[in-house]
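Have a look below at one chain only, the form predicted on its own, in structure tokens format.
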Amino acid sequence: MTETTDFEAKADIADIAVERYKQGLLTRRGFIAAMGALGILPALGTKAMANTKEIIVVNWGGQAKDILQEVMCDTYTKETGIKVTVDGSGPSAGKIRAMVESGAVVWDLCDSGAGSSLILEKAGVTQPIDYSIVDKSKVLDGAVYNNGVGNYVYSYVLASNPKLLGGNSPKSWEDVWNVKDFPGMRTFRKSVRGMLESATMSMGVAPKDVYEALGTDDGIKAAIDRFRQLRENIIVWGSGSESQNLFLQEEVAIGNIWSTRAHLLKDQMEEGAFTVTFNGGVVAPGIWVVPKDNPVGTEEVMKFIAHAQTPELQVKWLEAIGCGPANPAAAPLVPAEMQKWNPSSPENLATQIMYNDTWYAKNQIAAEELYVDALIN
């Protein structure tokens, strides 16, 4: 099975957290709470074995690990007496598997993806989620697995700059391919992830039928050809910050970008120069996985996951970085001014589809080659 977790997206979320904290846009308390909802972990020495009295949580923090260490450990320790440490080294499926199979497990909880959770479960290196402690009803549909459970949500969304479009703004992917009424440059990701879905919907395919349409070689090639048709109007982005800068510098009028970056742009662009629609968005949940034989033990880490389901914490995470709550009960608690930017609000979920890891596991490599060829040649 192909690795389908979007590691770049997760690393980008961590970068956003660091930047917001540095800018003073996040209070220490707020950042800790948000990280708790996201499940960010403390830093570890790479050779050190975990202390069985503390929980080691691993995410894609990079430079954020020191901040996460400070805020996350303090908060959780204060509430439970259990120390929590953040390791931002990136829990790829390969690392988790190697750690478990070597018998040198130092991580207790990892921020992963649905595809990876399935791969790791099949390999026998992760533990089942104990749903007598972790509440399934506090997780969005489609984000509950035997050996993994949703912790937050982000989306691939349609963003635009109405100022560059004569006051208009595309409302659908079909509009994005309409260069006559919506002239200007577009931006799409270098990777095929989250992109083919928009091209398929631009041909009139209903969101619920997208992956069925992409289930054949002809369906994939038709979607790829849509990018070939737009090639002269496309600037690609490789990282979340690149997509953000393309809008800030007004190099593009339209784009398929992560909702977390849209969350930042809404505050950085002048009034009337930026908008987002979740219509036709692709929802991608982050998934907790617990390595087999984790040092702190199963029960303790399950209690931590349950703690991170707290609706108020998940709302703070949305406000801080733009990650949507995985707990549906959080939606009503989101401030009114934030509702339209929440990728997991009932209204926005109704217009989106869930990222299909099974499809990517089967088709990503071949589709990626065709996609790059369409953009370059």
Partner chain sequence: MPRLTDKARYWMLVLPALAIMIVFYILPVLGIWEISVTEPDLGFGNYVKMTESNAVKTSFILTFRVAAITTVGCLLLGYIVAYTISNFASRVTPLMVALVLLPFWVSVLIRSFSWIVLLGRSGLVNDTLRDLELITRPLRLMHNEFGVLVSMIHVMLPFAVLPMLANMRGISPSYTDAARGLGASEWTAFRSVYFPQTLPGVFSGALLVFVLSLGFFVTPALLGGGRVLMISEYITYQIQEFLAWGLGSALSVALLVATALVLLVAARFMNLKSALLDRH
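Numbering follows the first chain given and starts at 1. Just so we're clear, the structure is a prediction, and the values are computed from it rather than from any experiment. Throughout, rigid core stands for the largest set of C-alpha atoms superposing within 1.5 Å between the two forms.
The discussion below concerns the form predicted together with the partner chain, not included here.
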I'd like to know if S191 sits close to the partner chain in the predicted complex, meaning any non-hydrogen atom pair within 4.5 angstroms. yes
Is it the case that E271, even though its partner is missing from this view, gets within 4.5 Å of the partner chain in the predicted complex, heavy atoms only? no
Answer yes if any heavy atom of G297 is within 4.5 Å of a heavy atom of the partner chain in the predicted complex; otherwise answer no. no
Indicate whether Q364 is a 4.5 Å heavy atom neighbour of the partner chain in the predicted complex. yes
Among 140-148, 194-202, 280-288, 226-234, which stretch sits within 4.5 Å of the partner chain in the predicted complex, heavy atoms only? 226-234
So, a 4.5 angstroms cut-off on heavy atom distances: do all three of R97, M185 and Q249 pass it with respect to the partner chain in the predicted complex? yes
Pick from V106, A222, I133, L164: which residue has any heavy atom within 4.5 angstroms of the partner chain in the predicted complex? L164
Would you mind picking the one in I119, L214, M302, L265 that has a heavy atom within 4.5 Å of the partner chain in the predicted complex? I119
Suppose contact means any heavy atom within 4.5 Å; which members of 356-377 contact the partner chain in the predicted complex? Q364, I365, E368, E369, V372, D373, L375, I376, N377
With both forms fit on the core, has K221 moved 2 Å or more by CA between the shown form and the other one? no
Is there a C-alpha shift of 2 Å or more at K122 between the shown form and the other one once the rigid core is superposed? yes
Is_shifted S160 between the shown form and the other one (CA, 2 Å cut-off, rigid core): no
